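Let's start with one chain on its own, the form predicted alone, as structure tokens.
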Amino acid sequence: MRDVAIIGCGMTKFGRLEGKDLMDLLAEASLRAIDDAGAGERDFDSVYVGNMMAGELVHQTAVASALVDRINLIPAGAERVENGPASGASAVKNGFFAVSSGASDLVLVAGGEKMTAADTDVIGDLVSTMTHPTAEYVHGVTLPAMAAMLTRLYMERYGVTERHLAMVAVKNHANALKNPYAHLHRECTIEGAMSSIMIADPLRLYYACPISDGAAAVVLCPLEKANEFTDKPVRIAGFGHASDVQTLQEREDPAVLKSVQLASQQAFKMAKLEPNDIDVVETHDAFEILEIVQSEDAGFFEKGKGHLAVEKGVTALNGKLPINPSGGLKAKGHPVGATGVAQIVELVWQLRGEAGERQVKNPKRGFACNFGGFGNNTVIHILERGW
């Protein structure tokens, strides 16, 4: 297998993007990535597009085929990748395979979603279809309800308090204020978070991500050819992909995100690294409890101690292990098909020293966790400087 490098990246702003449709967003992010890579005059071999709900939300399918036509990459092979909210990272994984196998030398990976044109109840219902159809969905189970149950279990078992959730929200909102691409440019206080409306006890509005539009993209090539494009290639050092039982009540321990554990172990083994080798992390904090739990099950903190790391400032922008310098899904936003690719884009910017006000001090390696369903499908990527 060949080593694979990320040589270009780009994204749109996340948020309520009126006047732009899904293809506008995918094209904008893709062209920015191609321009960043200096690959505008090159022929692309393959294009992978992470997208979860284009057919349901914007009445469009075959979005990868539409994208290659829109930005004139024909005759590149084009493929849409759907893996729930982990669609973006799965698309990156497919792009990695195409390059590492030798099948492709230049690959574009994009992810995007147009969500805000639909009513909130429609989005909630579509997302809930990821739950088990007969054991959960028909009984009205929602993703916020699952997150609320996980939060309550963590409170009772490990002493997590609502204040800890608020601290994560405050941190991520502060980071997002430094990110021009973030959806929510709004300061959050402990008191404000803890007085926001309840959406699924004990989860309040400020402990959950917004519904967003947006797109992100990266360009991949063999590491051995990366110097043809850039003097700062970022190597995909490892990845992991694992699944778990779909229904929460059938899991061995509902407080353990087994797919995060297994996918992280796979990624670290492939990269020949350990958790203490990582300098910056992007987690899938669709609900703030998930940042805490994922940070533990990925191996960064002892089980049940992730909230204490938040309390001590370990995960702050200037802490020992900054988590979600982008603002995370909580404040950067969560256009589901784009999220996994956007996590990779943030890590590339961090490793290249191009993250502006939210720049982490001299990072060499980054870790991204893209979480599908409610932990029944997780994709992990580890990136490192390639120069």
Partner chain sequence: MEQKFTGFKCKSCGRVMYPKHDRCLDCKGTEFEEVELGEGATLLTYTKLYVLPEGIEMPPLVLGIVKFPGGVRAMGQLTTDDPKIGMKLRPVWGKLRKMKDKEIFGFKFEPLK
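Remember, it's a predicted structure, so these values are computed and weren't measured experimentally. Numbering follows the first chain given and starts at 1.
The next section is about a form of this same protein that is not shown, the form predicted in complex with the partner chain.
**Student:** Would you confirm whether the three residues V141, A200 and T247 all fall within 4.5 Å of the partner chain in the model of the complex, going by non-hydrogen atoms?
**Tutor:** All of them do, each having a heavy atom within 4.5 Å of the partner.
**Student:** Tell me which of 133-141, 297-305, 257-265, 214-222 has residues with heavy atoms within 4.5 angstroms of the partner chain in the model of the complex?
**Tutor:** This holds for exactly one stretch, 133-141.
**Student:** Find the only residue in E156, D119, E191, E274 having a heavy atom within 4.5 Å of the partner chain in the model of the complex.
**Tutor:** Of the candidates E156, D119, E191, E274, E156 is the one lying within 4.5 Å of the partner chain in the model of the complex.
**Student:** With the partner chain left out of view, which of A148, L73, L184, A309 would have a heavy atom within 4.5 Å of it in the model of the complex?
**Tutor:** Among A148, L73, L184, A309, a heavy atom within 4.5 Å of the partner chain in the model of the complex occurs only for A148.
**Student:** Any chance R163 has a heavy atom within 4.5 Å of the partner chain in the model of the complex?
**Tutor:** No, no contact at 4.5 Å.
**Student:** Can R251 be called a contact residue for the partner chain in the model of the complex at 4.5 Å between heavy atoms?
**Tutor:** Within the cut-off, so yes.
**Student:** I'd like to check something about K269: if you look in the model of the complex, is any of its heavy atoms closer than or equal to 4.5 Å to a heavy atom of the partner chain?
**Tutor:** Because no heavy atom of K269 falls inside 4.5 Å of the partner chain in the model of the complex, the answer is no.
**Student:** At 4.5 Å, heavy atom to heavy atom, what parts of 301-330 sit next to the partner chain in the model of the complex? List them in sequence order, or say none.
**Tutor:** Heavy-atom contacts to the partner chain in the model of the complex: nothing from 301-330.
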